[in-house]
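Take a look at this single chain, the form predicted on its own, given in structure tokens.
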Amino acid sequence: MLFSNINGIKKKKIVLLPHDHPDGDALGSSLALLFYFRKLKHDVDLISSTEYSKSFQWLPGIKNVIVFSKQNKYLIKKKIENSDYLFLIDFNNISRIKNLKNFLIDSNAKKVLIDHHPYPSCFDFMLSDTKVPATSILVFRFISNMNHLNKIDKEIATCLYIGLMTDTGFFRFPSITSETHFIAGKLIEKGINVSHIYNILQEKYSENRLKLLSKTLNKLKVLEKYRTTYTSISASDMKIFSCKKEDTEGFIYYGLGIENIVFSVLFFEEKTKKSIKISFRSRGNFNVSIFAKKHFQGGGHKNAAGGILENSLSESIKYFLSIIPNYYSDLITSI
């Protein structure tokens, strides 16, 4: 039904919504859909509830992203209210777009979920598959189901490839399947510059971002007995180096790069809130989604999840350290 409605002659008003602090997959998937729907002559807006990392400023179509602010709050509210379809991209619960949450609740538009995270909320239309490593794969499937693969040009392919690269850890995570590489191959056939994309994402850092990374790694603690590492970023760290949360993307993986480590944790102190956001990454069988859900009001994927504590940074770390011994057997047997 959704495919026939959007494929119809009548022009639709569509709003695309990635999650807070959109990463490469959220932005890439959203921008790909923006280009695609505009090819179908629909009226499309891409609205982000928060800023995105400067490392994505080169993306095709990025200037079309409307970032929520106090100044454009009512303009965004009107766009959401007047839309026919709201696409929720790379998240499965409206709590992931806090600034826009109430606008979505009040909107009568049909809500379309395109996402790969587990335990999704229920929406009018759902393209959800927790087994795929990136939402960009589902966007590719969506366009394919519309019989419009011929509409994927170099710009759309570049955006989708960004999603694939970033959410698969540059094609190294265990969630990768033959479909992942098949789609990557189809996108490369559109003429995208793979080496250029890789260089921009992996090798172009600001001086302050590297200094923040250095300080974060200096605080890294290794719990050899539990095959675990953890580190933290304080609000003062962010202020000293004039960085945004988006600039910390990828920091957590350095801990996992240590030999014999299977669990990496990053504590992040919010600037304006008395809360700590915690990121969890793992290798092998240790399920960080279950861990985050049980102890940190969070969730996510088996090997990548997040949570939150209404606590101080030091108290949050202390709480984590009190829990980790309970998972000794799980951690030492994880492959």
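All residue numbers are counted from 1 along the displayed sequence. All of these numbers come straight from a predicted model, not from anything done at the bench.
Form predicted together with a small molecule: not shown, discussed below.
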Check whether residue 59 has any heavy atom within 4.5 Å of a heavy atom of the small molecule in the predicted complex, and answer yes or no.
no
With heavy atoms only and a cut-off of 4.5 Å, decide whether residue 49 touches the small molecule in the predicted complex.
no
Contact with the small molecule in the predicted complex for residue 279, defined as at least one heavy atom pair within 4.5 Å: yes or no?
yes
Considering only heavy atoms, tell me if residue 117 and the small molecule come within 4.5 Å of each other in the predicted complex.
yes
Can we say 16, 18 and 22 each have a non-hydrogen atom within 4.5 Å of the small molecule in the predicted complex?
no
Exactly one listed stretch (65-73, 299-307, 26-34, 39-47) reaches within 4.5 angstroms of the small molecule in the predicted complex by non-hydrogen atoms, and it is 299-307
